[in-house]
Structure formats: C-alpha cells, structure tokens
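Just the one chain here, the form predicted on its own, laid out as structure tokens.
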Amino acid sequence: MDTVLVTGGAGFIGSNFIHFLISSSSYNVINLDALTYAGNIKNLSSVEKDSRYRFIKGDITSPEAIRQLVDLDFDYLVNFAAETHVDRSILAPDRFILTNILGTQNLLNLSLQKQIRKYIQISTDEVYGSLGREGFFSENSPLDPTSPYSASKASADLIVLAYFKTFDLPVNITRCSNNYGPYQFPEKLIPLMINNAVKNKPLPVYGDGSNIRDWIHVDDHCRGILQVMEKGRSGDIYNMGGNSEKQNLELVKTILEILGKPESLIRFVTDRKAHDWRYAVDYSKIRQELRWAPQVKFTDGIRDTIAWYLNNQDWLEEIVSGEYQHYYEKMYSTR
C-alpha cells in the first residue's frame, strides 16, 4: 500500500485532504505539522486512531524535523505547509520567506534523496497578481505577486519547477482559488464573518467591499489534488477554480442573510495595502486532461459551511483561546 507524506496536514486544507484520503482511498498517511497557531491537531481527532494514519510533530524549516523523515517509507509528498495570511505577511514577512521558500527547498531535497514517485506543491492563484473586470488566469499567465505572501509562494513554485528541470524530480504544482469549508482558521474571511456575526460583533470589510474572489469548496479542491497526484503530467501546473465569483461585500451579506443578522453589523475599514482586486482562474486544462470540475454549488456549500461552524462552536472557541495546545500535549506527549 502506497504512503502519502502530507506536510501541514493539521491546517485547514491539509486536514481536509487527510480526511479525504482516509475515507476515499487506500493510501497510508503520514502527517508532519509544526502545530503553529493555524495548525490544530483536533482537526484530525476522528482519524488519529486509524492504523493508516501517523502524526509527527515537526517544522519543515528544521533540519531535525527533516531528518525524522529520512528513514520513513513514503511514495508521495504533498506540501500544504505554509504561512498563508496576507495581512500577517505585510506585518512580518520574514517567517513567510523562511517557511514558504526555504522550507519548500528542504522538502525538495528530501524528495530527491528518497526518490519518491511525485512531489506536489500546493500553491495559490495569488501568484498571478490581480485581474481586471475581464479574463482569467491560465497556467501560462505571468507571475506578478503583490504581497510578501504571494511572492514567497511564487518563489517556491519556481524552485519546484527548477528541481524538475535540473534534477528530473517528478513534480506538480496546483494553484487554486479561495477555499472555504470546515476547519478553516477564523482569521480568514468566511469563518471570521460567521464568528463575528454569531456574536453580534462588527464585520470588518476592506475598502468598499468590491474586491472579487472565486470561491471553491475544500472538498472539490482535495479531489482535484488527488487526481493531479495520481494522473498529472510530471512538471505541469494545474489551476483549480470554483466558478463562483463573488464581491466580498456580496459574500458578507449572504452570510448575514443565512444567519438572520442585520447588515448594520458591517463596518468598512481601511483597505489592505496592495489589495488585489480580482482573482479568477481558467481550469480548462485540468478539466480536459484529468476530467476534474467543481461539484459543490456555492449556495449549498456556504450553507453547509455555516452550519458546520454553528455546530462546532466549542472547536472555534478553543481555537481562539489556544486551549487546543493542551489537547496536543495530552494526546501526543508520549508518542
């Protein structure tokens, strides 16, 4: 049975991907995660006793953590480990450079040493920069990142492609539009708005709320990643989009309407520096080559996502308070 090493598997998309692998495939899974503020081991409490799953605490920037992996057997490496919040990258770029670039290089060197079947880099549509009112990003669009976060991800993508061209390391890069769904850390737009609305707190919206994002449910994204891992042409990039473009203000109003909360909770705040206006990707390549397309309709997905957060208020409160760190110490201190 093949094994997938998932780095950053306690985060939002990584934990959803592990749930997807355990429930929908026959792979063994090794999860390496540093358990920084956005990594929550409780995201995987339902699989922690599964014989196919193993957790290792470690930071991809640490030589000691990489050495832990050298003696392990794994066939694929899927790298979700990254600093991802644009605002944090503006305030403190250093950690983004360290994790997203140097950490990626460490994993590439490990992959070369282990001669794995394939390395998958989970990237973002933000590496392309900002779109106007028309058009879509394709895999051939030039890279034009505007924040330290997106610049660090673009840099990592180029290093990944260099390892393919220079060392013949089998790789793929996936670039996806904005994800939503369960287990997302509440600094991101949708869970932040849900959490604030439930507590009748102000909902901060950058600028006039006209910025546009394309939203894809995390389940669709995870399904696409597995198809790329198994069937993608080595050295290729694959875009994934949700075909659900929404202005930020429209999205916030939708959340308020579903929750039965007044729009008077909305507060317009000073716009983010270098705030990209629109993202949208052309996913015709993955549709034609791998027969992938998004299946979750946004109207259904956003309702399901809101319901998940309403049904998991304890999880949310522990995230905010940091109490989940005590859970980690209890569950894994002797492993």
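None of these values were measured; they are calculated from a predicted model. Throughout, we count residues from 1 along the sequence that is shown.
Keep in mind that the form predicted together with a small molecule is not shown, yet the notes after this line are about it.
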Interface check vs the small molecule in the predicted complex: of 259, 97, 159, 192, the one with a heavy atom inside 4.5 Å is 192
None of 248, 254, 227, 130 but one has a heavy atom within 4.5 Å of the small molecule in the predicted complex; the exception is 248
task: Although the small molecule is absent from this view, report whether residue 85 comes within 4.5 Å of it in the predicted complex, heavy atoms only.
output: yes
*asked:* Can you tell me if residue 213 lies within 4.5 angstroms of the small molecule in the predicted complex, counting non-hydrogen atoms only?
replied: yes
Distance check, residue 206 to the small molecule in the predicted complex, heavy atom within 4.5 Å: yes
Would you classify residue 279 as touching the small molecule in the predicted complex, given a 4.5 Å non-hydrogen atom cut-off? yes
**Asked** If you check in the predicted complex, do 28, 114 and 118 all have a non-hydrogen atom within 4.5 Å of the small molecule?
**Response** no
Among 67-75, 181-189, 162-170, 131-139, the stretch whose residues bring a heavy atom within 4.5 Å of the small molecule in the predicted complex is 181-189
